[in-house]
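Alright, here's a single protein chain in two forms, structure 1 and structure 2, each given by itself as structure tokens.
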Structure 1
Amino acid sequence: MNWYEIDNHIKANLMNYILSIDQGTTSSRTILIDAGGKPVGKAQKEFNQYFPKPSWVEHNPEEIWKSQLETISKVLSDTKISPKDISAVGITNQRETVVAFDSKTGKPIYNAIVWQCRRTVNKCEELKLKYKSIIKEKTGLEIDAYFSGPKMEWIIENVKEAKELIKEKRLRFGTIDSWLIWNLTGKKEFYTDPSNASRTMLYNIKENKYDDKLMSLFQIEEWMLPKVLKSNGEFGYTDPDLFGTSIPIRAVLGDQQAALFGNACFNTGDVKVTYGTGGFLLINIGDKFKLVDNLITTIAWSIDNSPTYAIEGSTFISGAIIQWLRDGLGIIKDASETESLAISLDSNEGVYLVPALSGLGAPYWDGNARGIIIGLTRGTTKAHIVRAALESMAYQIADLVVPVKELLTKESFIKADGGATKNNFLLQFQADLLNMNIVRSSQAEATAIGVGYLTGLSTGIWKSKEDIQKLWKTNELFLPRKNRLEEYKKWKEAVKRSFRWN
């Protein structure tokens, strides 16, 4: 190294922390990552969930912002790392959730309508009759209340202030990433990235732009929406009043896409499954757009404006069914009890639970399906219900993987992350069911780490995806041990019985 290089090297190492913001559905988290890709500080804060009607879910956007800011301050004060030593900020976020605000005052005009909210189910059923194939062709999505466009239209039709603000061109609709960018930059910048835009049902993922026809279908005009930059774009600088210095925002990814990146699934055919509140399968399919029946195609990331696509299957209730056993039924005190209860039985003895508590997402897309427990006998105990709940988390993932197995590279194994992967029974059962190897990711925070990796790639801390690949570590491998085809057939029968109940 010459003196010039040494000087640059020292400078780079002085400013080599990344602040990774992870705005989730139930909590806001912040992680500080060092140049070795290691988290050196973490903070998390829950915020309120609002359920104004059955199946409606809202958040208060100001609470989201406040809780996020608190976690950033806490990480900085706990680690005593100066904001001046942070090279850049990355943002990952709960997707599809919509915030409507007034661009003049910066104030929300309504609560955020959350991805889980089902208020637009009827409208979506109507749209399916006419627009199913057009929307799939352009956006890669199935029509469902899950996505942002129908939520935005609901606000225009039902919130009085919205129509008034439209007259003055002051209404803005943002997903959570753009709401955070807006606030972090002192209400100056309003941007999003393609991984988030591709969830709005307004974005043409082949042409990489908002689609006029789709916008008009939901009464949206482009000036209402955040501008779409590449995922490793320049999203502005944090307001100096916040942290005493301006830090560039250099990466944005939706949470599931960030987890794909965080699991180093960079090659076509790489696959990850997240078992969190919901269950999510993402398969990297490279740079060629492709459609698969009943699953969705989405932009994984767009680095330097060249998009990588993913096939995604999302199920609304995964670990949430364990929460329901705890809080709704009260048959367990803690999720950690479920593993020993499940293995106390040699088999499910014919008991199946279909966790369609808020309808069924992929591959069934039945908003009116409802949960069932079937196969009960006098011998049924809580162990059976618990086992059926855990098995259901694996069956739902199998329903997503089986139809697309040919998209996976031959030697590919599934990388699994999310809170429920602590459960060995679940991962072993999944390996048996799919006859595939499952590897538990050692990266408990794959989402925050994922966007942190992309931020580091943007700012040059890491030079290439290969550098990042080296940072990814496996934890434990689950090999298939038992044939579960008979059980899987029975599950298929059970799931049919939950359809169109509501």
Structure 2
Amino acid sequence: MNWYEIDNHIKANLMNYILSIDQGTTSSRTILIDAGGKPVGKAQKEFNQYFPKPSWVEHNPEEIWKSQLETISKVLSDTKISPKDISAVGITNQRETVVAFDSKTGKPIYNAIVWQCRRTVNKCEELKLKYKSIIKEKTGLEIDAYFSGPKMEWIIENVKEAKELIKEKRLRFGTIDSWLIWNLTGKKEFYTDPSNASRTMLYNIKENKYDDKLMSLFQIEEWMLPKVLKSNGEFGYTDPDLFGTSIPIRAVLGDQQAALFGNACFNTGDVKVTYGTGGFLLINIGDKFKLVDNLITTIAWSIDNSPTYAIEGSTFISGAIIQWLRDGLGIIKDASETESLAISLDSNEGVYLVPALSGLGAPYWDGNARGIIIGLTRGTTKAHIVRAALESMAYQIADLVVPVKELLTKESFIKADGGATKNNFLLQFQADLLNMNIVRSSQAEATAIGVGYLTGLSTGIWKSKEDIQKLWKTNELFLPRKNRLEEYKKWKEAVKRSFRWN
């Protein structure tokens, strides 16, 4: 099927469905969205996390692809909707995670190095001595192991097969979106979008292109990387052998940028917070590039090659701390227990948990920080630790919001999404801590919905952002009730105790 035929396919199916692929850090999800913007089917599958050394985090790229394919198949099976009734596919994904593969065989040469992985901390510390300001000016990023470029260089230096493949120009590095596109299109297309490219530390976000100077710092050549298309570009079409028909892929966004879009944060100053595996603050700053100390500037999306920028603060461990309480410590069986345990106490009674299990992200950028629980007494129970974990999620967001309050207006409020927003204690504590109104989005799945909205905008299901704005709904409003300043001061002291432990 050529693009003329695909466009006709789209026009003939304007009132049909969007397949929204949401590939996350701990699970792969697929949501089917109708022309009214409502999810009509959803499937989710967790996949394995690998920790080969302390602070190293890996995924198996083939497991990611298999789990994503399974969720697509399950959604189609459960809803009994024909792939021929799907207008287009949108992809949103965990960012910064790197897959290296052989372009001839299509096979990965190493596990995916996950955004949380800290193996490149030493390399990043070296770069800071000479290139900190240059990289910040070009990419908007702080130098940190979080981002993709150092991970790519690590593979070149440590995976024997990599240098052999470079000689034959067969080595490819992609973020998860490009890995999915590669597989969805039958290993024919290798693309990414600016929201993902801007996370690699290789992409000049002012000039909207890969930067030769930056690539040379990490031994990367442009032929190794996916071509960058606009976020609502034409990313190829699915291999007909997968679903029995070819479906165009018409939108790609990194997960946090997709959540910004899904929360209809289209105006300068609009702000959202996602409580996911990590915690993420994004503020739409429009089309003017701006830098903020200790936070990052990123491309939110590029629609028709016109970039919109965002200020972002990222914390590495947010909801993942609850997963650790469940799987690592075994003190809870399910995340749903945490709210009742937290409200069983009148306060944290001096117990603080700093979740620096993968170092600290913004605004500290300390790759050698390590997690601590402080303030323990003989009277401390699991309820104190659970409450301290929930509070840590809110404290970390406060650390991001406080430095950029001047970018907000008196009328500004935070749109909150992500699985942890089901927890009323968390959102009320956040409102108190920031002395700001917090609105829980009716769409906890804002990442998948967001790229679905962009896909629908690309295919004509919605004519404008104003149409999408009408789809966003408030679930519940949380107003500040209590001054938490003294508790916040104690948190800041606890964070200092976690610095440079490793």
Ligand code: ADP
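This structure is a prediction, so every number in the text was calculated from the model and none was measured. Numbers follow structure 1, counted from its first residue as 1. So that the term is clear: the rigid core is the largest set of C-alpha atoms that superpose within 1.5 Å between two forms.
Participant: Here are two forms of the same chain; which is the form predicted together with adenosine-5'-diphosphate?
Facilitator: If we ask which form is the one predicted together with adenosine-5'-diphosphate, the answer is structure 1.
Participant: With both forms fitted on the core, check whether the Cα of K382 differs by 2 Å or more between the two structures.
Facilitator: It does, since the K382 C-alpha is displaced 2 Å or more between the two structures after the core fit.
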